[in-house]
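Below you'll find only one chain, the form predicted alone, shown as structure tokens.
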């Protein structure tokens, strides 16, 4: 995990937890500052569940632990599935949930130490006028790189709240912004660190799935990913949540698609409406229109499996 860079005595300092993202940035030369390891505390390394089932996950809990905790799998199956589908087993054992939320852009212009993009104090988004093959289809701001956090999409689907060492009860939107500020990956202040994730009580009768579209068989960043939650009762959809990653500068709820399903019969016709509305408001770039089909395909597949 790395919080926004601090300046102390005129020198840049970054904070580190698992360090999977930070280590890569330092190898490439994008990050060069001094490091301070985040000191673990019991509150930051544990998973606790209250009497009503609501979970509190410390920011230093690893992705692997979230994927394999039976309490998380039972109460928040979409979160557990997303954690289990992220990166590789080796990375999941080291990477933390706080770090996944606070990681930096995967855009190749940002990762190139010789390119001054918006996120490195440049004046333009290099990808917008350059190679943006892996860019957004919901164009929300000056930067066209998708937000890299799978866990943010999953937590968005569950209306999770985030605490830091300075602020409490932040929504995912408050933590990551709305995409309008292309210079940052999140709204953390310099030196501010995520301390825990708070999840609401589990939803009775929930079904949830996660799926990503990738450009190779495994160990790849998603082109598009979906966390889908549904509650079906008496043949009708009582709840539908669709959170998408890889499609915008921040994770998005597919609100139009969710609205199309509210109270509707769990039928093929409803699935078709949800699929059609899943791209409502999309504005693909010159090279990213293919993601519209990927998004619709993932939504269709997950809806069919959820309603089977």
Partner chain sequence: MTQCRFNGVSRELPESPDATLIDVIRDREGLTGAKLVCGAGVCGACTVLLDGAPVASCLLPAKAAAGRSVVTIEGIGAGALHPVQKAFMALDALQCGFCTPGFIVESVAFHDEWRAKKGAAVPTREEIAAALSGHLCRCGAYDNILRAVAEACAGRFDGGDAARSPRVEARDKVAGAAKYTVDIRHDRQFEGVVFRSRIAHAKIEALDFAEALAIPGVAAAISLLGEDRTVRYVGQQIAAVAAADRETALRACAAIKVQYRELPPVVGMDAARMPTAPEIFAGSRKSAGNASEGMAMPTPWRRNVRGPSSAFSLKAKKARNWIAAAREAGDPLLFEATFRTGAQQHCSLEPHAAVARFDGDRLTVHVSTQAVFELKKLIAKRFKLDPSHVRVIATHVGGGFGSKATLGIETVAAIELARAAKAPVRVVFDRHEELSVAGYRPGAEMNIALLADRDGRLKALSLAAHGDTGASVNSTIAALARLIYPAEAKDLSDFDVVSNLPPGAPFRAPGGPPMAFALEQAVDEAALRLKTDPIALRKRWDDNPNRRRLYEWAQGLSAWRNAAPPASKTGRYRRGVGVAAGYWLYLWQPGSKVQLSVESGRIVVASAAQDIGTGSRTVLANTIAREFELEPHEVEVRIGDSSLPEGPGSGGSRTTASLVPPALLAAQKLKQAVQQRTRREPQAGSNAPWREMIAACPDFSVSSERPEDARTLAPGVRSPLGEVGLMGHIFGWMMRRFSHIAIGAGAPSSVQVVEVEVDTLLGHVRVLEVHTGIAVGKLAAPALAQSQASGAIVQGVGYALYEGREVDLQTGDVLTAGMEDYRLPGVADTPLIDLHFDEGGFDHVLGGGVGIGEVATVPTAAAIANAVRNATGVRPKEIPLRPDRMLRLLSEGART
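Since this is a predicted model, take the numbers as computed values, not measurements. Positions refer to the first chain, counted from 1.
Same protein, other form: the form predicted in complex with its partner chain, not shown, and the subject of what follows.
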Quiz prompt | Heavy atom of each of 178, 201 and 283 within 4.5 Å of its partner chain in the predicted complex | solution = no
Exercise. Would you please decide whether residue 219 lies within 4.5 angstroms of its partner chain in the predicted complex, comparing each non-hydrogen atom pair?
Key: yes
Practice problem: Would you check, heavy atoms only and a 4.5 Å threshold, whether residue 173 touches its partner chain in the predicted complex? | Solution: no
Exercise. Evaluate residue 211 for contact with its partner chain in the predicted complex, applying a 4.5 angstroms cut-off between non-hydrogen atoms, and reply yes or no.
Key: yes
Quiz prompt | 4.5 angstroms heavy atom contact with its partner chain in the predicted complex for residue 161 | solution = no
Quiz item: So which of 114-122, 231-239, 69-77, 153-161 is the stretch with heavy atoms within 4.5 Å of its partner chain in the predicted complex?
Solution: 114-122
Exercise. Would you mind picking the one in 273, 65, 253, 26 that has a heavy atom within 4.5 Å of its partner chain in the predicted complex?
Key: 26
Practice problem: Note that its partner chain is not shown here; using its position in the predicted complex, name the residues of 294-308 with a heavy atom within 4.5 Å of it, in sequence order. | Solution: 294, 297, 298, 300, 301
